[in-house]
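Below you will find one chain, with nothing else, as structure tokens; this is the form predicted on its own, and questions on how it binds or moves follow later.
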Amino acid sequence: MYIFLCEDTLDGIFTGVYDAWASRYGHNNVALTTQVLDNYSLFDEYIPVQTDYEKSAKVARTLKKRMGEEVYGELCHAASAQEEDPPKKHSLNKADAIYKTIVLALSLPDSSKVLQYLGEPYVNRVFSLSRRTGNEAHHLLGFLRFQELENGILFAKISPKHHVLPFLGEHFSDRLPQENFMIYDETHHLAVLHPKGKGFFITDTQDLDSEMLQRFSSKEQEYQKLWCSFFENIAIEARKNPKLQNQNLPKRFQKNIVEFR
């Protein structure tokens, strides 16, 4: 077995898909993984994959053309999911599940129907991973709060389990095209940056000035006080139900929301 060791990113996995397909070893003889392996098999050959954005883009174009935007989006969500740590017993590595799903799709008369084959363990795995990422991204589209910093930049902090920044960046770039904004993912130490009137990009936050992110504009501070006062005053003491509130707004989202701090 030839095992391709990919970086745990969308581009890393798509590069692995490209290299595995181009290797000509045969689909049944290759596997992809994003996990750091503690034990290596003497009978397998391990091939490191260097992330290549050109190869990743070629895979993305092929998937969109052959499978359609919907299936492509599901694969992207699956690739962006955080795998269980430690992994569940018998669970398929997401990179291998994505690769095998792509192989199956391209063998079908209609590749856009591949996610209907939920009886296949790898397709089921892709569907499950995609749903997790999609659900979290959907929650954050409603729970994410921007705050205006002293320098006029709109800033939001999130603590997601999965790599949802690309999906949030795309959404808010469309909604706020004429704003300078930043979405900081403190879990993965990454941030979306969107300059006014341009596209967004994702960068690491190694040199992020944490003090600057605490300096809000005077207008922002005033609005926060007003909002918190409104939030407290509309509450009906006799109808407080923390358990129901936590169901509708999970606790892990609350720490980044003004009225819960």
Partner chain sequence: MNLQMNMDLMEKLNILSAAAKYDVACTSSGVDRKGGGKGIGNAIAPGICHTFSADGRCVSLLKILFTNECIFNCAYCLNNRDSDVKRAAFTPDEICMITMEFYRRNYIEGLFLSSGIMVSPDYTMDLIYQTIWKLRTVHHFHGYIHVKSIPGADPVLVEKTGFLADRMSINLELPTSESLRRLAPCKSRSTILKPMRQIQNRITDNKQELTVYHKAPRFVPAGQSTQMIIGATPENDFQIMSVAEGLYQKFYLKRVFYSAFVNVNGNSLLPALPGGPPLLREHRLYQADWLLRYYHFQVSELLSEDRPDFNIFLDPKCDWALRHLEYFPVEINQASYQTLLRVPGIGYKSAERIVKARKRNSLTFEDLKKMGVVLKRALYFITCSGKMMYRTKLEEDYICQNLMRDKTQIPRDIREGGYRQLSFFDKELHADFQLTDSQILSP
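As the structure is a prediction and not an experimental result, all values here were calculated from the model. Take the two forms, superpose them, and find the largest set of C-alpha atoms that agree within 1.5 Å; that set is the rigid core. Positions refer to the first chain, counted from 1.
Keep in mind the form predicted in complex with the partner chain is missing from the figure; the text below concerns it.
Distance criterion of 4.5 Å from any heavy atom to the partner chain in the predicted complex singles out Phe231 from the list Phe201, Tyr46, Tyr53, Phe231. Though the partner chain is absent from this view, in the predicted complex it lies within 4.5 Å of a heavy atom of just one residue from Gln82, Asn124, Ser111, Asn93, which is Asn124.
For a residue to qualify, one of its non-hydrogen atoms must sit within 4.5 Å of the partner chain in the predicted complex; none of Gln35, Phe167 and Asp209 qualifies. Between 57 to 65, 201 to 209, 221 to 229, 25 to 33, the stretch whose residues reach within 4.5 angstroms of the partner chain in the predicted complex through a non-hydrogen atom is 221 to 229. Although the partner is absent here, Gln116 is a contact residue: one of its heavy atoms lies within 4.5 angstroms of the partner chain in the predicted complex.
Of the heavy atoms in Ile236, some are within 4.5 Å of the partner chain in the predicted complex. Although the partner is absent here, His171 lies within 4.5 Å of the partner chain in the predicted complex, judged by heavy atoms. Although the partner is absent here, Phe146 sits close enough that one of its heavy atoms falls within 4.5 Å of the partner chain in the predicted complex. Residues Ser229, Phe230, Phe231, Asn233, Ile234, Ala235, Ile236, Ala238, Arg239, Lys240, Asn241, Pro242, Lys243, Leu244, Gln245, Gln247, Asn248, Leu249, Val258, Glu259, Phe260 of 229 to 261 are found to place at least one heavy atom within 4.5 Å of the partner chain in the predicted complex.
Put the two forms on the same core and the Cα of Lys251 is off by less than 2 Å between this form and the one not shown. Put the two forms on the same core and the Cα of Lys240 is off by 2 Å or more between this form and the one not shown.
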